[in-house]
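Just one chain is shown here, as structure tokens, and it is the form predicted alone.
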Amino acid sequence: MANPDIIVIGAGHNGLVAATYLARAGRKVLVLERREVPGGQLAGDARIGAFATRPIHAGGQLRADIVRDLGLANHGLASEASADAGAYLAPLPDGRMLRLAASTDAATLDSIRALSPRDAERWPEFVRFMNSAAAYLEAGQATPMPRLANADLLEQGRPLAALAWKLRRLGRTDMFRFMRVLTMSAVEFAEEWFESEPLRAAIGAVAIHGVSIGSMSAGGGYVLIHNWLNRGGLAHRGTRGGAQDMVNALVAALRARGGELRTSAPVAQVLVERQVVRGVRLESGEEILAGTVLSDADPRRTLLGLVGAPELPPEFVWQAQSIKMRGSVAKVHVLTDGQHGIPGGTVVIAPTTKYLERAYDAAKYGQVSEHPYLELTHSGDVVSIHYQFAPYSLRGGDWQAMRATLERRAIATVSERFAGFRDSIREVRSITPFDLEQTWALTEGDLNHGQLILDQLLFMRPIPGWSDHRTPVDGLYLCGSGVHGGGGVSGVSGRNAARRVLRVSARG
């Protein structure tokens, strides 16, 4: 493409969503992807194993309005989520299995009733509240966050006023519940609803999934609602056809609207002149000029790596350096002979809320949890293990030496619950936080491009005063998971960033 209007750095799902919205609006869009394949965290990594590895995320789906707006159904993406996400399962000490679904089906209620009749009575109200809270959070993620600048505070305040009205319409009880839960820990929230410890722990695990907090850390309530929204409940749910169909549909939709995607085109530098973006320079030395650049990379990598501190105000540089990453998630993919004995759905190994907190304790001191919180999913003969906690920064070691320990502990923890698992193993491949940084360009291995913690949410994400996708460099925008609405797989931050670009350009 000669003389693009807009360059998008990174072909992760948010970058592709943003690019396709902009191409739909008639802009000439060029997407530059550093890897050989598009998809970002939705793409596997062929180099780490002889068997087909799974993406980093066990599930995920684009928001329904994104699928509709971009016509992705016309490019092979089902317009609805997979019909059956499977149950959310937690092994119990006596060998039974706690079976949960984000519904009031008889199997879920019977499973809970076996632990506590009172908890079974409360479950329908819990599901109703969580669905209501998730719907409100979805509205919040679609609402532009203000930069709190006096010049346009009135204009920016209107969407917030509409959002406040939606909160009031939840009703007095749910409104106060929602406001309280955002800052609560997983333990506090679960204890308010239920008396059974296995049920509390199963819910508490979702409240810390993918984030470096423990079950007793403030903000677990927000993470629980965020993950419930992205999953569509407790168990992982994906679009029919899986992550690859999502990527293929986005690429096809982009190209159908005249956009271009170049892979194996790593960007080395964002070109800036007098705090105005000029384009990008690739690692090959090629320069591509454009008046607007969007980055799907994380904010710290974009601002301090691709732009560079000399091009930014000193206070802004300090704030960018202070963005908390702290990745502590690893993945272990296991090829089996199919006789692993693990049921379908999402299996969580989190016996108690104290177990979750102790798993997190290890990461606080730079250690890989000896008794980790795990989530298990499988597709065919491949079992995928989500491992928390495995910190990016290890005390007294490195990930090259620790990889074998990670794999051994994951296998041992699963084998304690599923006796046939160890004998079924044929090959093991792991993705450490260091791999996430080196292969997927995730700073400190943080899947969310910045921790989903209380001081990095809403108008404080990624940096207080810069929550509307813009940066101090005119024409440079952030569209990845590190901005408001990001985290997990949804496409929200890419959609919002594209809308911001179009809004700014409409003003001239």
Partner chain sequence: MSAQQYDAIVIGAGHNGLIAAAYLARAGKKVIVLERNPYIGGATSTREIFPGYRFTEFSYVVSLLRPEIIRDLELPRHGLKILPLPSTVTPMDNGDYLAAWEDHDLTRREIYRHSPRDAEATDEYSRVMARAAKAIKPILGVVPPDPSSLSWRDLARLLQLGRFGASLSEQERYRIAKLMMQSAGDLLDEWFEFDPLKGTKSASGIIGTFLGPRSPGTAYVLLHHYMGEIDGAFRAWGFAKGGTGGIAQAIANSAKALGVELRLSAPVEKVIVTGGRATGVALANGDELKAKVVMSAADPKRSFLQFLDPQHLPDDFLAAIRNFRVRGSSGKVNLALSELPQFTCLPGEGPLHRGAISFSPSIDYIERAYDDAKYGRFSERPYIDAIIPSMIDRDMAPPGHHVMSCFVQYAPYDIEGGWDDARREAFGEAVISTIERHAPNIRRAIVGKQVITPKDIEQMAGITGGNIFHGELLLHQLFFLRPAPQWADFRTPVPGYYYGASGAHPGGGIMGANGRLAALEVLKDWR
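For clarity, every value in this text was computed on a predicted model and none was experimentally measured. Residue numbers count along the first chain shown, from 1.
Although it is not shown, the form predicted together with its partner chain is what the next lines describe.
At 4.5 angstroms, heavy atoms only, are 242, 378 and 417 all close to its partner chain in the predicted bound form? Per the other structure, none of 242, 378 and 417 touch its partner chain.
Counting only non-hydrogen atoms, which stretch in 225-233, 102-110, 178-186, 419-427 is within 4.5 Å of its partner chain in the predicted bound form? Stretch with heavy atoms near the partner: 178-186.
Taking any heavy atom pair closer than or equal to 4.5 Å as contact, tell me whether residue 440 reaches its partner chain in the predicted bound form. Contact with its partner chain, no.
With heavy atoms only and a cut-off of 4.5 Å, decide whether residue 460 touches its partner chain in the predicted bound form. Residue 460: yes, in contact with its partner chain in the predicted bound form.
Might residue 65 be said to contact its partner chain in the predicted bound form, defining contact as any heavy atom within 4.5 Å? Flag for residue 65 set to no.
4.5 Å heavy atom contact, residue 36 and its partner chain in the predicted bound form: Contact with its partner chain, no.
Its partner chain isn't shown here, but in the predicted bound form which of 75, 358, 281, 403 has a heavy atom within 4.5 Å of it? Looking at the other structure, the residue within range turns out to be 358.
Could you work out which of 32, 447, 453, 70 is the residue within 4.5 angstroms of its partner chain in the predicted bound form, going by heavy atoms? If I apply the 4.5 Å criterion carefully, the residue I get is 453.
Within 365-402, the residues that have a heavy atom no more than 4.5 Å from its partner chain in the predicted bound form: The stretch 365-402, when checked against its partner chain in the predicted bound form, contributes 365, 395 at the 4.5 Å heavy-atom cut-off.
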